[in-house]
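Below, in structure tokens: the form predicted alone, a single chain.
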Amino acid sequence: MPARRGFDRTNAPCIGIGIENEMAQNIYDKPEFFAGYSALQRSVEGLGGAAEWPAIRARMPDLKGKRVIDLGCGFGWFSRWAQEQEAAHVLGVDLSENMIARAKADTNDQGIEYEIANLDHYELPKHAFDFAYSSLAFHYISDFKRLIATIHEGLLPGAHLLFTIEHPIYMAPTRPGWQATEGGKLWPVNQYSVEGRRITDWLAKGVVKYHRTLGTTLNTLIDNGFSIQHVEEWQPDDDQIKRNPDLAEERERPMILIVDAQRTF
């Protein structure tokens, strides 16, 4: 789960909307999924291969001397970047044994620790971290409220949680994918208010994610002791589109939501 999750561009139907599971799906340890994910640009190039990284970097605090947790660390790209910024210690956690094995193999720094953990049940020690980060992982978590509560417990007062998720508009459709129209194409938005499980076929069949409205996402943070510092419905800038014209379609609807929240008490 870093700047790591790839973009789901399939037209596969959402074949399940229902109550949330208690256990996260370990899709990244399925051989076909892991092979496909490993070939994505962001998996090969790291943070520089994630188009949204400049916008995330603009919200990043000074990490020098900070204790950092990377929730859904994947290959460890952000964990290593945080250490390069002179963080005092970085803990990267991920459900996938494949991801953690790769992160450990690519890391040669005693200031970084990796741990296999299911974020649906993970408990952060009290006041153990100065900064929490997560990239495109939280939409795989069934119990978002519980996760935010334990992140609050693990952060010092005043510390920030900076994360990205797939935008609720991108997550909501029962049949995600561009639809052809006389004027070009459009992105369908239906079942937006019906929160819960979504199942799509992307790199492998039956990938489980959890849709929540924008209001639920932000209010869960507020109700659990965070103040919202910045919300960005990310889109590529002109220069990015010039370098990669395929990114132009990302202006048709928001795909990624960036949230910067601060623990207030």
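Just so it is clear, the structure is predicted and the values come from calculations on it, not from any experiment. So that there is no doubt, residue numbering starts at 1 and follows the sequence shown.
Here the subject shifts to the form predicted in complex with a further copy of the same chain, a form of this protein not shown in this document.
Though the partner is left out of this view, residue 169 does reach within 4.5 Å of a further copy of the same chain in the model of the complex, counting heavy atoms only.
Put simply, residue 237 is far from a further copy of the same chain in the model of the complex: not one heavy atom of it is within 4.5 Å.
Looking at residue 253, you'd find a heavy atom of it within 4.5 angstroms of a further copy of the same chain in the model of the complex. Though the partner is left out of this view, residue 193 does reach within 4.5 Å of a further copy of the same chain in the model of the complex, counting heavy atoms only. Considering a further copy of the same chain in the model of the complex, the lone stretch of 150-158, 108-116, 84-92, 177-185 in range is 177-185 [heavy atom distance within 4.5 Å].
Here the marked residues 214, 218 and 222 all reach a further copy of the same chain in the model of the complex, each with a heavy atom within 4.5 angstroms. In sequence order, 222, 228, 229, 230, 231, 233, 235 are the residues of 220-243 having a heavy atom within 4.5 Å of a further copy of the same chain in the model of the complex; the partner itself is omitted from this view.
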